[in-house]
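Form predicted alone, single chain, as structure tokens, below.
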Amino acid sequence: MAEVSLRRVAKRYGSFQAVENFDLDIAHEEFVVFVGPSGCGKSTTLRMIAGLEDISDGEIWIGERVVNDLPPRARNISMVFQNYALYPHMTVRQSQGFGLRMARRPKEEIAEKVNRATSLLGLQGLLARRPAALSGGQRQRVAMGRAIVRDPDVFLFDEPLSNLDAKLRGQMRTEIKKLHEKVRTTVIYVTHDQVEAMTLADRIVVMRDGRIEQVGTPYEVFHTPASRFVAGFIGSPPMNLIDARIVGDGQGGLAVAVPGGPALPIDPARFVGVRADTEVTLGLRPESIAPEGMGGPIERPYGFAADIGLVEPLGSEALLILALGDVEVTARVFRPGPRLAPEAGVRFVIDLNDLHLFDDTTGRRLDRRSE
């Protein structure tokens, strides 16, 4: 079994705290993605797991061993790097078997494992080529094959797709997902691309300033972000975040008032402990705002009129920039049709079941689902 546990792991460079109090348990065969902005500590954490960086505090467990003091070669991990790290003079076949030859494995075993890896990754016709004769996607598959032949307990991926163009990144995401289905091994994957995180992960670890901001499934992180930061980071386009205020609705209930705009009723069973006359951040996903008749099923619609200031057509969908009171927000419309254009006084609906409230001071989520 190849569980990975990080217990209060920290990394300091002099007075700079790169990673702090990092606690995480990763199950055997789980695909976990570390995601966050540049400089949040995700690659540093991966390199500590790999043994390429010493830890300043805490413990790292792989299986039943504490590996803090073990060199990388003794941890039974394989790492795929951003720049592929292929030897330019080696053919694909030689590169695949290099690690096993260095470990003095029998020739028959090397041939068997190389053939298995190249078959899994569709590299059979490329075995005699050197890196200069390979495309970026082929080089990345070679790097993945070199990792597979070692039969590691854990695969580590450090932003492996960042050098590829958009179309090839999409293809390689599919390849990596299929690979994990075939080779059921624990995977820890680092990326700054939240689309990669959402499509690949069993669980996502959102990081910020060296700390874990939220751990959850892609569904949980998207639909119940634990903080204002996660809400603004996960989602493309990101959640609309609006400085707002809790007010009475005139009927004994509460509403969240948008500056210069509507007061949206709050479900009292959901938003527990929210009080009138307090400042909050209101979050609205672009998908929860739509012109009347153009959105999907909405359980609790709230109608309002707004001016469409800008239309960004994206083929099967469009982004609308509109005024909600004094605030500019983005709405996302699927299958918009050819006539959608900037226009005044358009009727929109907001799904009141998709309101998100965050504490104005701490940034943490305020509703019952965050408890």
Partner chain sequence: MSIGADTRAATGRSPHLARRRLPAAEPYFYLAPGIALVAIVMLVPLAVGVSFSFQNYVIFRPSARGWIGIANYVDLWSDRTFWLALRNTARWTFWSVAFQLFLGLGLALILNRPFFGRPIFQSLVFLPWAVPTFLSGLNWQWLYNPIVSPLPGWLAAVGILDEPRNILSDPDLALYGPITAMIWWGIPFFAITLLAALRSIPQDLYEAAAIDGASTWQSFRHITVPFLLPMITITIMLRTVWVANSPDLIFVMTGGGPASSSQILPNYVFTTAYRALDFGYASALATVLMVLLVIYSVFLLFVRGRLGQ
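Note that the coordinates shown come from a computational prediction; the quantities given were computed from them, not determined experimentally. Positions refer to the first chain, counted from 1.
Below, we turn to the form predicted together with the partner chain, even though it does not appear here.
Arg146 is the sole member of Lys113, Arg285, Arg146, Arg139 with a non-hydrogen atom lying within 4.5 angstroms of the partner chain in the predicted complex. With the partner omitted from this view, the residue of Gly261, Pro238, Gly170, Pro72 that lies near the partner chain in the predicted complex is Pro72 [heavy atom within 4.5 Å]. Judged against the partner chain in the predicted complex with a 4.5 angstroms heavy atom cut-off, the residues Ala257, Ala318 and Arg332 are out of contact without exception.
Of the heavy atoms in Ser135, none are within 4.5 Å of the partner chain in the predicted complex. Contact annotation: Gly216 falls outside 4.5 Å of the partner chain in the predicted complex, judged by heavy atom distances. None of the heavy atoms of Phe222 is located within 4.5 Å of the partner chain in the predicted complex.
The shortest heavy atom separation between Asn83 and the partner chain in the predicted complex is within 4.5 Å. Stretch 101-109 is the answer when you ask which of 222-230, 101-109, 263-271, 286-294 has residues with heavy atoms within 4.5 Å of the partner chain in the predicted complex. Heavy atoms closer than or equal to 4.5 Å to the partner chain in the predicted complex belong, across 127-157, to the residues Arg130, Arg146, Arg150, ordered by sequence position.
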